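Just the one chain here, the form predicted alone, laid out as structure tokens.
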Amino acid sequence: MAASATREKIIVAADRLFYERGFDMTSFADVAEVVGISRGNFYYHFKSKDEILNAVMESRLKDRHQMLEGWIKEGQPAKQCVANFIHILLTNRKKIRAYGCPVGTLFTELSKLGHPGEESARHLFDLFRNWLRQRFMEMGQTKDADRLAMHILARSQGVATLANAYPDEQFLEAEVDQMLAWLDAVSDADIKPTQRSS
């Protein structure tokens, strides 16, 4: 296996384990076992868990940026883009109900640990905040764009947390419907229905 491919597998495995088990509870050995490599080969790519965390955060930022910009490149209107963001709660419903929000849970854990990676984790929220703010500005909500962006983030994080706490199958769908109704109230733009994933 090429070195670059091995490194990518380590990042993907670490990303999943940090999400499912938590950063603090995931060891080098855990990641190496999932990837199927020796510890020696592992240390060739990463010398510390913090190095892995940095790589995971860079990967997450890149992936989320591509997802968000992809909707824009497809020519979707601003309101539909925000609706797509809201629908992430349904697209990832199984993982959210099992582990919570991957961004929120990691940030909270790093914050509790007083870990310097907390700042990098916040950059993901910044990415979402800035992107959402721009979409609301495009909808004509220039004055309140940042407040509206923060409302979406706050509501999404709260919904994800409660969906993780309560085994209510209908909760996410009802909350997403309410968020979309709220979006209708702040914009007159047309919104196309998005198919829900189970």
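Since this is a predicted model, take the numbers as computed values, not measurements. All residue numbers refer to positions in the sequence shown, first residue = 1.
Missing here is the form predicted together with another copy of the chain; even so, the following discussion is about that form.
Taking a heavy atom within 4.5 Å as contact, would all three of 108, 126 and 175 count as contacting another copy of the chain in the predicted bound form?
Contact check passed for all of 108, 126 and 175.
Determine which one of 65-73, 165-173, 48-56, 135-143 lies within 4.5 Å of another copy of the chain in the predicted bound form, judging by heavy atom distances; exactly one does.
That would be stretch 165-173.
So in the predicted bound form, does residue 122 come within 4.5 Å of another copy of the chain, heavy atom to heavy atom?
So residue 122 counts as contacting another copy of the chain.
Report whether the minimum heavy atom distance between residue 36 and another copy of the chain in the predicted bound form is within 4.5 Å.
It does not: once another copy of the chain is placed as it appears in the predicted bound form, residue 36 has no heavy atom within 4.5 Å of it.
Is there a heavy atom of residue 29 lying 4.5 Å or less from a heavy atom of another copy of the chain in the predicted bound form?
No, residue 29 sits far enough from another copy of the chain in the predicted bound form that none of its heavy atoms falls within 4.5 Å.
Using a 4.5 Å heavy atom cut-off, state whether residue 112 contacts another copy of the chain in the predicted bound form.
Yes, residue 112 is a contact residue.
Are there residues in 137-152 with a heavy atom within 4.5 Å of another copy of the chain in the predicted bound form, and which are they, in order?
Residues within 4.5 Å: 147, 150, 151.
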